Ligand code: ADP
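Before any questions on binding or motion, here is one chain by itself as structure tokens, the form predicted alone.
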């Protein structure tokens, strides 16, 4: 199968969130299964890799822009995986990746480049896997702008929603930039409360849609988490699938991780304790066997931080140490800075992002906290399981699909969860975890073994993606046959 994955970011080249991890990991698993998979992302200013391959004209609102295609690769288990970098100085050579007033132009250009480059490269994919609003125009363009051209006619599309909250909404005037007339500005098309909604294009025109956990696929069909698109998602329910993200078990492996203090595996957990002691020492916390709770997160309302704010004194009253790493909204940065001032002996608050410190927190913590209001998939809980750090999560989205609540009677489970979005429920789940840690070291050790022996690698998820691609290709063929 020939597969093109189009996304706005990818590790190790450019990353702001979990999308980059998926784009960096899924192609490796697909390649290992024997498929011709390639990736295209924008060539942001910070990307230094890539050699010139070709250039081509891209029509943009009455004029032509030049797209330079650069080429690099990432290493699969056996072979290199091609990565194309769509370059244009005006659109992508900026000091950050996102957050500009011309986002619609930047990703309109990227979309058109993704499609226009294919004949130049001599690569005709069977399916294009599009990710989030930045590439959501590709299914639309495949069917409306390129649909009658023989080269593009049979190319299927799969559109993945990583987070429905971010939709790419712009004023009506952008339609002309997209080369679309007013017939596309209706509730049945791209119009959304008086704006043009890029995400909606992917949901309408993708041959198949998926999101990054089964639970989230169900949740986004509800008014509560559908972000105003739940009606459309219910309408396309038969085409909507949920495939859990995997984890790159080569990158996240405590037995080989050079970023942590001491490497360890399930048979050398004394070294995990050493990671805890060294983390405490580095962060200025008292060294010892007090329960250490780690949080690595974007500091935004989605992540359940308001629950923590309501009961922070009760949380600290459990006698824990709290280590936080993250950056985000001013309100939450100030909130946790204040927590640090009030509990200087119990907390380490690190505002920013540090990839090395993140790995040390995963390895050195006893408990990993994710009280999210919603969580499409979540990678934090998967990484913490891999490192034998027990998750405490809210039962939503991918957290519900991966974490089973610990049963004190049977010992079944791999973490602790709570359902109601309330401070009391969060406190209860955290209290249960601390209670088991303190009162039953043997059971806690067994729980660590269960966590570390779980398999959330990309192997199973990649097979499910291949099945989804096959369905999309067959659906596209059926549509073409009916049109004949």
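Positions refer to the first chain, counted from 1. Fair warning: this is a prediction, and the values are worked out from it, not measured in the lab.
Below, we turn to the form predicted in complex with adenosine-5'-diphosphate, even though it does not appear here.
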item	value
Non-hydrogen atom contact residue 353 with adenosine-5'-diphosphate in the model of the complex at 4.5 angstroms	yes
4.5 Å heavy atom contact, residue 297 and adenosine-5'-diphosphate in the model of the complex	yes
Residue 202: touches adenosine-5'-diphosphate in the model of the complex, heavy atom cutoff 4.5 angstroms	no
Close approach of residue 378 to adenosine-5'-diphosphate in the model of the complex, 4.5 Å, heavy atom	yes
Region of this chain that lies against adenosine-5'-diphosphate in the model of the complex, out of 401-409, 356-364, 142-150, 261-269 [heavy atom, 4.5 Å]	356-364
Listed residue that, although adenosine-5'-diphosphate is not shown, lies within 4.5 Å of it in the model of the complex (heavy atoms), from 244, 86, 279, 383	383
Selected contact from 302, 165, 177, 253, since only one has a non-hydrogen atom within 4.5 angstroms of adenosine-5'-diphosphate in the model of the complex	302
In the model of the complex: members of 316-342 within 4.5 Å of adenosine-5'-diphosphate, any heavy atom	325, 326, 327
